[in-house]
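Quick heads-up: it's one chain on its own, the form predicted on its own, in structure tokens.
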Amino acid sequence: MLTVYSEDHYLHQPEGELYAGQLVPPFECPKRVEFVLDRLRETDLGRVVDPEAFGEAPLERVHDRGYLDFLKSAWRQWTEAGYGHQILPTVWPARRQRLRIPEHIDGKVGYYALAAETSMVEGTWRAALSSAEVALTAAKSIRDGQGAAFGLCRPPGHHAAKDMYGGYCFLNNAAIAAQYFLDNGADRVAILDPDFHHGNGTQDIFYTRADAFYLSLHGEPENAFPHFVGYADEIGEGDGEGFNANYPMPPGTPFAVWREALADALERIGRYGPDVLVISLGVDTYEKDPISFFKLTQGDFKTYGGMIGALGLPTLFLMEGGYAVEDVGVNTVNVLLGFADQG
């Protein structure tokens, strides 16, 4: 299996994140990718290549132009205001307030942010753009005939909405790749999101559309980030009604229960008949993950990789979450190995 990877991810290294009332070392850190890359090389799963340049046109197919301009200029505006260290939001438009974009960078950050844990630094835009190009390069390889590919994306993407960042995400890699497929010959794309956290951004982007079926298995929003979206009754609107499926599950969910949800999602994908399948591959469903509450073991990842492989679809895997750093490499590659065993 081809893997696409860029060292530009090192440009995004915030000092810390807000967690449980403290500023702590970020859970989303370069080590996550290093362990995955090391494990890929140990297992000799396939070639690792650099991404191609695609520019911003594919991003505009998914994201608001004003939002992209904000991401590109945020660090300059932040430092021109006399600020430093890292960009963190401090204020948001709350209920019954006006949804207008402020002139001052402090207000702009709050307007475009959906949560306070996600910091930006000088290299964040370049890292996010490279991450999207990793996804696009892997998608292009499938368009050109590869049966499967893995985009080792960092920063991750599934929390990034049309015009919001948060959950460590700035550009929605899965949505950008799905739209790329649709713009290059695909009639239908399915996006399966087994990350522990609901992919609110991907849902936001495709919620009113029938050409992309989004399915997410995640911690119930009553108890898990992003809290305000991801309920089972969110099924899409307008043309998209019936093409959004959420499987929220409670704390302590074991693999046996999680697997039933996955089997149902895969059955629905099969009935939908997509030309290609995009996987938002988060491995924070692991029993030892520090910010999640499902109970999957290392062997379970290989099992469910095989279940995905049994669909027999062209499949693009894109890295999302997973924060048990020393084990994230094994768990990620186990999914890919399980998938490959079915090929």
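Because the structure is predicted, anything quoted here is derived from the model rather than measured. Position 1 is the first residue in the sequence shown; the rest follow in order.
Although not depicted, the form predicted in complex with a further copy of the same chain is the subject of the following passage.
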Of R126, K162, R188, R76, the one that lies within 4.5 Å of a further copy of the same chain in the predicted complex (heavy atoms): K162
Single option in D106, D239, D211, D264 placed near a further copy of the same chain in the predicted complex, where near means a heavy atom within 4.5 Å: D106
Contact at L40, P58 and D183 by a further copy of the same chain in the predicted complex, all three, heavy atom at most 4.5 Å: no
Exercise: V257 in contact with a further copy of the same chain in the predicted complex, heavy atom 4.5 Å: no
a further copy of the same chain contact at V325 in the predicted complex, heavy atom, 4.5 Å: no
Contact of L114 with a further copy of the same chain in the predicted complex (heavy atom, 4.5 Å): yes
a further copy of the same chain contact at G145 in the predicted complex, heavy atom, 4.5 Å: no
Option from 92 to 100, 127 to 135, 173 to 181, 145 to 153 whose residues, in the predicted complex, bring a heavy atom within 4.5 Å of a further copy of the same chain: 92 to 100
Those residues of 215 to 233 which, in the predicted complex, come within 4.5 Å of a further copy of the same chain by heavy atom: P221, E222, N223, F225, P226, H227, F228, V229, Y231, D233
